[in-house]
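Okay, here we've got a single chain as structure tokens, the form predicted alone, with questions on binding and movement later.
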Amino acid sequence: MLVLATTNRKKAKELVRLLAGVRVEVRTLADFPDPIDVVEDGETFAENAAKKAVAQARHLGCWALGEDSGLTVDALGGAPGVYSARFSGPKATDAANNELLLHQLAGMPAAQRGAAYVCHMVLADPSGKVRAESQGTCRGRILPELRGTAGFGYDPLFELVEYHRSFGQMGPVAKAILSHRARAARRLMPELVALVDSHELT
């Protein structure tokens, strides 16, 4: 059994879909009565992903996959980065975060609106030992206005330049191929499969 160490239901839904090819039961923290609340105070996506994976694995006594991801904007020096979910404050919402991002980039030409979605994944065994990790990046740019209603977070503002569409205009099938989370999952997949084949991860 593999537990997804996230309380974000939309992320969990994406991850379940991305890991469908692995022959192991995948659960989320919502399936457990007492998951712990892990403080995401790391300075990098990798640190936060490891904290979540290790803490939940030890607490629940099973394999856990921690994931941390966010948006880095070139013109903002890489911000919001690890603060992506709470960019507009402690009680941030997707709408408030998007509004703040648009405000900070107001008047900036398209050539200076480069950005990247980054995802880091860490797999920990029941003892809390990190057994595998991967990172995926998806380059794009920030649009001057929201486009589309699909996805979540900054998806309606994040345009994949070569497709002339935002993630908010793409369905889950396209996102499952192109996104930062999909790329990180694909890179982790060989190690997951190897652990399942060796019967370490069952």
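Quantities reported herein were computed from a predicted structural model and do not represent experimental measurements. Residues carry their position along the shown sequence, with the first being 1.
One more form of this protein, predicted in complex with ligand IMP, exists but is not displayed; see below.
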4.5 Å heavy atom contact, D155 and ligand IMP in the predicted complex: yes
With the partner left out here, check for me: in the predicted complex, does some heavy atom of K175 sit within 4.5 Å of ligand IMP? yes
If we define contact as a non-hydrogen atom of the residue within 4.5 angstroms of the partner, is S84 a contact of ligand IMP in the predicted complex? yes
Hey, in the predicted complex, is S69 touching ligand IMP, heavy atoms inside 4.5 Å? yes
Stretch from 131-139, 54-62, 146-154, 27-35 whose residues place a heavy atom within 4.5 Å of ligand IMP in the predicted complex: 146-154
Across 173-189, the residues having a non-hydrogen atom within 4.5 Å of ligand IMP in the predicted complex turn out to be K175, H180, R181
